[in-house]
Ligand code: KMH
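This document opens with one chain alone, in structure tokens, the form predicted on its own.
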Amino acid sequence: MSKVIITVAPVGAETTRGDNPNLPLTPEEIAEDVHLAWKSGAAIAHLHARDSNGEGTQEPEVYRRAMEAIRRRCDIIIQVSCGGTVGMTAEERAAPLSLKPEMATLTTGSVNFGEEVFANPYPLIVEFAKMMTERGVKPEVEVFDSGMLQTALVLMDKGILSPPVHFDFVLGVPGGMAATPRNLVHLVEGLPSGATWTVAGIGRHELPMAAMAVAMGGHVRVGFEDNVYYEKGRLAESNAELVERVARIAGELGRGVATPNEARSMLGLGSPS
């Protein structure tokens, strides 16, 4: 099997320092946190941004500052979120695409998100996909439920998504698909030929889903966006600590960890600009 691509999701849109005091918030804090995760084995940084009050923002200037600070430190692949926070307009969510990152997220359906709804109607999905293509940004298809995988296949049939397509299965969100071995196997079995995939287990599901993905030949996302604990009752000291654990698991199973440039080759990305 190929090496494991580890994605770090260091901040998210909802996590607070009340959840974990080690959460990075400013562009410089996020950049330093990503740098440490890169040193521990992360090849992709899945970025959200926060404003001066610590609230989620899609303001391109904030993303630009974080991205430039990261690039001064390391060659990690930068993947921006086009999810933003629940309730943002389409224009707000898509704003970071103006920076032409290497990757961005494309959620291919709507899902209940706790007590809220993360709305992604089909016309918006198509619009976002075309914007990414026009800017040379590779989508990571975010799948919270099995119907989203089917929508991605439709987009491929219509030529809106071009292979090789990379998927991220986000499992365990309240209202989304449960983080179970059966569900992960079901999703992987439905993938198109040549696709690559990552799993992000939410909360206590992060570690078992990560271990399954490594054993199954997939890739892994970890980080404070998804889970703030290292183990029950003990908060993670950093995102790097969560990355290090996946790197150890990959090593024990004989897969090893992909560098950013190895990940670029595996995902069909060009050389970093």
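Small disclaimer: the values here were computed from a predicted structure and weren't measured. So that there is no doubt, residue numbering starts at 1 and follows the sequence shown.
One more form of this protein, predicted together with ligand KMH, exists but is not displayed; see below.
Using a 4.5 Å heavy atom cutoff, none of Lys138, Phe167 and Glu262 lies near ligand KMH in the predicted complex.
Of the candidates Gly176, Pro101, Gly201, Gly84, Gly84 is the one whose heavy atoms come within 4.5 Å of ligand KMH in the predicted complex; the others do not. Listed stretches are 238 to 246, 27 to 35, 208 to 216, 45 to 53; the contact stretch with ligand KMH in the predicted complex is 45 to 53, by a heavy atom cutoff of 4.5 Å. In the predicted complex, Thr108 stays away from ligand KMH, with no heavy atom inside 4.5 Å. When ligand KMH is considered in the predicted complex, Phe118 lines it closely, a heavy atom lying within 4.5 Å. Residue contact with ligand KMH in the predicted complex: Glu252 places no heavy atom within 4.5 Å of it. Residues Ala13, Glu14 are the members of 9 to 34 with a non-hydrogen atom no more than 4.5 angstroms from ligand KMH in the predicted complex.
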